[in-house]
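For reference, the chain that follows is the form predicted on its own, supplied as C-alpha cells.
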C-alpha cells in the first residue's frame, strides 16, 4: 500500500510554488499518492497565465539567475510534470467562486472541489503539508 501525501497550497509566490511542486513530484516519483489543494493565492500556481509570472520574494531577485544556472524547470513545466506523475490537483471551489474564476483559466487536468474533497483524501494521509 503506497503512502499518501496531502499538500495545501495557499500562497502564490515563486518560492511557494517550488516547495509545493518539488515535494509533490518527488513523492509521486517514489510511488506515493499525492493530492494538492489550491486555495486563495495558491490558485495562482495552477492558473494558466499567473503561473508564468509568479512573484519572487522581495530582495531575492538574484535567485532567478541561480534557477537558470541549475536548470531548474519553470513552474508551468513543474505543473505538467506533476500531472504526468499522477498528482491530483484540486482547485478550491469556494475560493474560485469568491474570486470569480472559472475552471477554464486553470491548467488542464485539475479537479474542482471543496474542502470536503480534499479532506476525504487527507483523512488517512501519511504526510500533510501546508505552503
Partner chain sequence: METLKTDFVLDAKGLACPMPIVKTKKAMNDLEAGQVVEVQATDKGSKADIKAWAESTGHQYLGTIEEGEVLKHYLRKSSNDEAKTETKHPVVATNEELEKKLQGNESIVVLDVREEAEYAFNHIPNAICIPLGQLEDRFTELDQEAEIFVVCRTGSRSDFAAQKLAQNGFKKVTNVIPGMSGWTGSTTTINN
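Remember, it's a predicted structure, so these values are computed and weren't measured experimentally. Numbering follows the first chain given and starts at 1.
The same protein has a further form, the form predicted together with the partner chain, not shown here; the description that follows concerns it.
- Comparing 88 to 96, 41 to 49, 55 to 63, 72 to 80 against the partner chain in the predicted complex, the single stretch with non-hydrogen atoms within 4.5 angstroms of it is 72 to 80.
- In the predicted complex, residue 11 stays away from the partner chain, with no heavy atom inside 4.5 Å.
- The partner chain in the predicted complex comes within 4.5 Å of no heavy atom belonging to residue 101.
- Heavy atoms of residue 105 never reach within 4.5 Å of the partner chain in the predicted complex, leaving it off the interface.
- A residue is said to contact a partner when one of its heavy atoms sits within 4.5 Å of a partner heavy atom; residue 117 fails this definition for the partner chain in the predicted complex, lying far away.
- Contacts to the partner chain in the predicted complex (heavy atom within 4.5 Å) from stretch 25 to 50: 25, 26, 28, 29, 30, 31.
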